Structures are given as C-alpha cells and as structure tokens.
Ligand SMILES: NC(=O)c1ccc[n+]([C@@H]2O[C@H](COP(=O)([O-])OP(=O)(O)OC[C@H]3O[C@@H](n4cnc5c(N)ncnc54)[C@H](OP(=O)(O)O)[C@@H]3O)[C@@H](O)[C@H]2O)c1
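Next up: a single chain in structure tokens, the form predicted alone.
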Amino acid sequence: MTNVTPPLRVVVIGTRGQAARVAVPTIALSERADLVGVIGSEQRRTREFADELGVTSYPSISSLAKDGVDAVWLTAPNHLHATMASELLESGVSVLLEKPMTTTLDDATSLREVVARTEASATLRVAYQHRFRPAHQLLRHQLRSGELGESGMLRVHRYWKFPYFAGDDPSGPAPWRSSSTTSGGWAINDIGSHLVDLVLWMTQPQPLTVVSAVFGMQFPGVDNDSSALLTLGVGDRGLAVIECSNALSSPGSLVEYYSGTAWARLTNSFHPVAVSTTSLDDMSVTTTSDDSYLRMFDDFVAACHGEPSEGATADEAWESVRLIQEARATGRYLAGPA
C-alpha cells in the first residue's frame, strides 16, 4: 500500500507583488500543499488579503510554529531574508525563500549555518524556478553528459525592461530595490541572480570564479545597477558570460554554449515556449512549460518530505551570493544618465 503524505500547510509571507501574483496562485494549483495563511508588513492589508483568500491572518512569524504551520513561501524584500528565514528555520518551519538568498556573503554564511543546524527539522530551498524549464534541463543534460564538448563558453543573456508588470510605477522600482544596500544590487539580483544560478547549476561540479564585472546605472533617477555584464571562469579553461538589464531593450533571451566540437542555442527559454537548436542533429526542438513555478514549488514540498529534489540548496545559493557580491565589490561601475 502506498503511503500518501498529507498536504503541506503553507503560509505566504507577503501580500503584494510576488506573493499575490505568483506564490498564492501556485500553491492553489499544487496537489501537495494547502495555503493556510498570510503575513504582511501592514496589519490591515494582511487581514484584508487573508479574508479575500479565506485563510488565517497571522500576526507574526513566532505564531506560525505554534499553529502547526509546516512551511512558508517567503517573498519579503531582499535585506530581510536572512533574519526572517533564520527565525523560521529555528522554529522548525521550512522555507521556500525568494532569491537572492541574502544581500551579503556574511548573511548568507550565517543562514547556511542555521540550515545545517536545523536540517533535521526544517528544509530550505531558494526560489530559482528557471531550473525547472524543460529547455534549461535539456541543455544541462547535454553539458553534464559531455555531448557538447568541454571547456567552451556558456552565454546567458536576458534583458527585462522595467516596469516588469502592469501596475508597477514606470518612474522606478520600490525604494528597497533602488537602494544598493537593501537590494544587494538591483538588476544583478532581480534578473542576474537567476542567470548566475543557471550557470552554476549547468556547470556543476566545476568551480566558478569572477574574471570581470561591469555595471551600468542606466535607469533614470535610480542610483543602483540596472545593467550588468559578468565574465566567469568555469573550471580551469571554460568561460561563462552573463548579460542582464532592466533598462535596455532586447529581441529576446538567449542561452548559448560553444565548444570546439559542438554548440547549442536556446531562444526565449525564460518564457513558456523555447526553441532549442543544437549542432548535434541540426534540428530545432520546441519545448513548452507554463508551470516552472509549480514544478519548483512541488520540488520544495518533495524536499520537505525527504524526497529527491533539484531545487537550489543553501550551499548552492550561498555560492550565487558569493559570486554576485564579489562581482559587485571588484567590478567597474559606469555613471548613469544625468
């Protein structure tokens, strides 16, 4: 007889943006979890949002464990990730943490230590949903199997011009995103952290090093990076190039790999439909995936139950923070518009 685990009891931390647009509807689609409550920074908005959803309005993180909550999807601003995730894990509540893991390497190291200390009672995964797109998984398999050759160059290009969504203020991002301290970098963490994670995930177990970094402050009125160009060393001889921007236009995203014997190209792979072209068979394959968030979330639930998981672990997310913060510390910043 098959053992069926009960649905995970999940609370969303956040009442707007990613919480309302992604986390809540994704949990509703999952057959392995139930949304039981929300927490927000404003009590009135939290109560209204909870009433709309028919769930509990929790007053604080400390109240969750007492009520038997199993896990949270944490969508708070970047600079709050370390303290909030640590408190939850210490209380025995598992965490699906929005990227980036933290805004500083010290905070990432402290949180990683909490994860190691509490792993018997709680689980942490960082929300890098683009790992779960079929086109990316196909390219990862080709790279790790050696089908595309070795010691080549991986290029990941994604521009996503702000405002990202209807309802965003076109004059600029929320104050915490505008601040280099509270955001840990704007474009490099809004968009670039996903790209760094993909490079890390696709090239494991080869170590990554920062070769160079250039940041542009090209969004009017925002004194924070809005474009970034990173060059990474992959192992002893490979290279990776990461290009991201929320100020510049682009015809579409690209993920490409080139070696001395083969190449592969993914077009618009950060969207539901991607075209994968490879020199191995000189054919194009179209892959479709509308459910990267759901696949990521169900992978998190699996991890909470001790089942196999492909989601970003604390160690992997720590490595992404290390690379991004080293790039920010050593890179060159170009002046933005007057």
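Everything quoted here is computed from the prediction, not taken from an experiment. Position 1 is the first residue in the sequence shown; the rest follow in order.
Below, we refer to the form predicted in complex with this ligand, which is not included among the displayed structures.
Within this chain, residue 69 is remote from the site of this ligand in the predicted bound form, having no heavy atom within 4.5 Å. The shortest heavy atom separation between residue 18 and this ligand in the predicted bound form is within 4.5 Å. Though the partner is left out of this view, residue 76 does reach within 4.5 Å of this ligand in the predicted bound form, counting heavy atoms only. Contact check for residue 127: a non-hydrogen atom falls within 4.5 Å of this ligand in the predicted bound form. In summary, the region of this chain contacting this ligand in the predicted bound form, judged by heavy atoms within 4.5 Å and restricted to 175-183, 253-261, 207-215, 232-240, corresponds to 175-183. Not one of 155, 199 and 311 comes within 4.5 Å of this ligand in the predicted bound form, counting any heavy atom.
For the residues 324, 13, 10, 23, the 4.5 Å heavy atom test against this ligand in the predicted bound form is passed only by 13.
Interface residues of 29-44, taken as those with a heavy atom within 4.5 Å of this ligand in the predicted bound form (partner not displayed): 39, 40, 41, 42, in sequence order.
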